[in-house]
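First comes one chain, alone, set out as structure tokens in the form predicted alone.
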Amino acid sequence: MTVTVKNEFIGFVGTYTKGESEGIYSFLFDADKGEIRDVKPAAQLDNPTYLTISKDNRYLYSVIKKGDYGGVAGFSIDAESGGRLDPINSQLQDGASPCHVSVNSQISNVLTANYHKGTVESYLINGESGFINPTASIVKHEGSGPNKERQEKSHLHFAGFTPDEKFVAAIDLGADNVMTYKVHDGKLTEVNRLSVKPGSGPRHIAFHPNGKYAYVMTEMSSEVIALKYNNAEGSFTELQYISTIPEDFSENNQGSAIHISSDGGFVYAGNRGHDSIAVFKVNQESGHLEMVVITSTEGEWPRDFVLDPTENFLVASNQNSGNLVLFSRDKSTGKLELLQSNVSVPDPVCVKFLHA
């Protein structure tokens, strides 16, 4: 499948549809000009907040809300048209919709994490058609944390595959846990559980490309937790906690997304409240992080961000101010420089590019 025209890339934005948003939006990014353009609706559905794209760029999977039901929806991607999405099917369950979705490289298994239900759901899919089958496994978590308002019960915020796809990593904000599961024919079996600092509220995880380290963004304590990862056992060991906000910032902040460059050199972490992205340099020997700089996202409540396929650029999504922001990225220092901040998308959450 053709993914680029010259140096042009197709991106997608998942949104909340509580305001003006119609669903999933597509856009074109011109890496030669350093410009985002042609933002347009790609699929109409309720609250497609988080998206994932199959490795071969044929399918996009999204969380979905439909009345009193929530679940996952699948689309085929028409890259030739600039990113049109054609519905395949959806699987819905009674209750709140999930907050995160991921797909494995074999396009055989989709995972969702449900914040409100405290569950991880696994679906088998048909790699030839992208069709989503009914749930193969649902794991409900029990637990709580010291924050009685935010951690009164288990709140799953992430479920994704480890780099070798032998395990599934699940992040429980409500119970301060990082868990791993074996997955076989879509069935999930817990193999390890790491309890992190009480009240930290872990949210998302990003694995170092060497498979030896992982980095967890905490929502409530605004920190990155550096972890050593044992890929034979699917277990984690804490290495470091490092703040993502300045020491003198005392206002409300909630950590959001975390991503790592494909060379493993830099970790990026989002701050909602401080409205910024923290840039960290990775020590390749120890896995520890060192703060490089904190950069404003030129908007309010940056929910997520993504490196473009060249990794010379980064696109951030400011949910409350309804704008995408484009930065150039220095691969040697990790630093970001503002290029464009006036790209309007209502209530943006997640940003994804087709894979290069």
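Heads up: residue numbers just count along the shown sequence, starting at 1. Computed from a predicted structure; not experimentally measured.
A second form of this protein, the form predicted together with a small molecule, is not displayed here; the remarks below concern that form.
- Though the partner is left out of this view, Gly145 does not reach within 4.5 Å of the small molecule in the predicted complex, counting heavy atoms only.
- Contact annotation for His157: at least one heavy atom lies within 4.5 Å of the small molecule in the predicted complex.
- The small molecule is not drawn, but in the predicted complex it has a heavy atom within 4.5 Å of Tyr115.
- The shortest heavy atom separation between Gln254 and the small molecule in the predicted complex is within 4.5 Å.
- In short, of 119 to 127, 279 to 287, 94 to 102, 234 to 242 it is 94 to 102 that has heavy atoms within 4.5 Å of the small molecule in the predicted complex.
- Candidate site formed by His259, Asp304 and Lys352: none of these residues places a non-hydrogen atom within 4.5 angstroms of the small molecule in the predicted complex.
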